[in-house]
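First, one chain by itself in structure tokens, the form predicted on its own.
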């Protein structure tokens, strides 16, 4: 039986309050008043599509050994690198390389569902993962600025202990352009809503859903959960009605708490659905964008046995309201602020060292001595234990999944940070090993000696002198 065997998600901690956006822009765009309700997720300055994808993948894998993966599909329209395999960065962070077929899937809002279909179809050859993540830029004072959000979702596909078996898929490809983002622009350009609804959704979705139901030998009434992401709230209900699917089956799009997360959104909604789905319930997932993907799944009894994870609800609960609209603009490089002289230093990355030390840098892999059991970071040829000093005795010891504690810390207001002050300090791990780490997603009252921290994969800095080479590393964040 082929299907989904695990799911995970990630939502950034910050939630930009839409009222704050409206208050700043109402002098120019009073028409946004009707959308100034609720909040949208907002990536921190050190988060992008790759870092969010890594967190979602970790949430999905749980105790599963990432080295068992055979395929990794990364779907996004906001890939940090145009010519570098972004899925490879995710694989390196998960410390999986050998025997892995990694690929980037992009170019359409349905890239996430297309990648999921590919992942399900390749699951026969071994565990296959799909991760979808998007962090889209928006023009100041645009409706999209209020409607969009940032998030990621991940699914592990396989044939053992399937929690949602694949029933049927159906895809159509049509060059219907509801919006686009040209090579020379950072922003989406959308067409008129009525035309998109009448010429796009109404003519593309119902026939494709009908074909998928026919392939599964089902009727619309057999669908318990109907997942369709759309910036037009009434459209999913209209599509469900036209397909004979009950209105009660239409899933919450999470617009008021999260926003539309682009390529990731159908899969974010699927992850949210699996948190409460019951065995035997059928789930239909739609991915719209220059055509349509339709996926029909059926939850199994294994779903209730799946170990607990953060999931969409867990990450949504971990939130901090952000009312500083200028901070949102600055984090997204939309506000040319004076960073000061301390920001003026060369950030060139030695790619040769990055290659040789990739396990240490991207995987946070230290060493554990086979002779005395001492754990250390970084791994070295000689054990640091003064009573041991064994040579070539260390095995790889992955520290990214361990809980650390704060040994010492500082809040530095002198050094440059995109979000001052810069929090950093010495952290220690349960079995030993310590290093000086940057802190992120933390508030003053959370940082103290002994505070428990978890490691999270983040952007360390961006080499803008050489076209924007993002350097990634692990940071500590309060548990």
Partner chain sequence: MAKGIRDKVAILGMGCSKFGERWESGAEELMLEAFKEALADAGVDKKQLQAAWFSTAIDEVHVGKSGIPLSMTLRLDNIPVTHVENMCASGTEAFRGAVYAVASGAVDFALALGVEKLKDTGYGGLPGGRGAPLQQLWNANGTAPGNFAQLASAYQAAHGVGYDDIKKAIGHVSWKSHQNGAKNAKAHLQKAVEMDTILNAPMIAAPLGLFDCCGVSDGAAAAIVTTPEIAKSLGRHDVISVKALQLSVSNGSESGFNSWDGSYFHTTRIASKKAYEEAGIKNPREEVSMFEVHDCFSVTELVTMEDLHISETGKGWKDVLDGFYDADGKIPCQIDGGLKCFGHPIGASGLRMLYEMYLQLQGKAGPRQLKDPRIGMTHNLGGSPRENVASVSIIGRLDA
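Just so you know, these numbers come straight off a predicted model, no measurement behind them. Residue numbers count along the first chain shown, from 1.
Not pictured, yet referred to below: the form predicted together with its partner chain.
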Completion exercise
Partner contact check in the predicted complex: of 243-251, 403-411, 84-92, 141-149, the stretch with a heavy atom within 4.5 Å of its partner chain is 403-411
Practice task
Would you mind picking the one in 331, 325, 176, 377 that has a heavy atom within 4.5 Å of its partner chain in the predicted complex?
Solution key: 377
Problem - Listed residue that, although its partner chain is not shown, lies within 4.5 Å of it in the predicted complex (heavy atoms), from 69, 437, 453, 50 - result: 437
Practice task
Assess the spot marked by 262, 309 and 316: is its partner chain within 4.5 Å of a heavy atom from every one of these residues in the predicted complex?
Solution key: no
Exercise for the section: Give a yes/no on whether residue 78 approaches its partner chain to within 4.5 Å in the predicted complex, heavy atoms considered. Expected result: no
Exercise for the section: Flag residue 361 as yes or no: does it have a non-hydrogen atom within 4.5 angstroms of any non-hydrogen atom of its partner chain in the predicted complex? Expected result: yes
Exercise for the section: Indicate whether residue 386 is a 4.5 Å heavy atom neighbour of its partner chain in the predicted complex. Expected result: yes
Practice task
Answer for residue 471 alone: is it within 4.5 Å of its partner chain in the predicted complex, judged on heavy atom distances?
Solution key: yes
Problem - Stretch 403-433: residues contacting its partner chain in the predicted complex, 4.5 Å heavy atom cut-off - result: 407, 408, 409, 410, 411, 412, 413, 414, 415, 416, 424, 425, 426, 428, 429, 432, 433
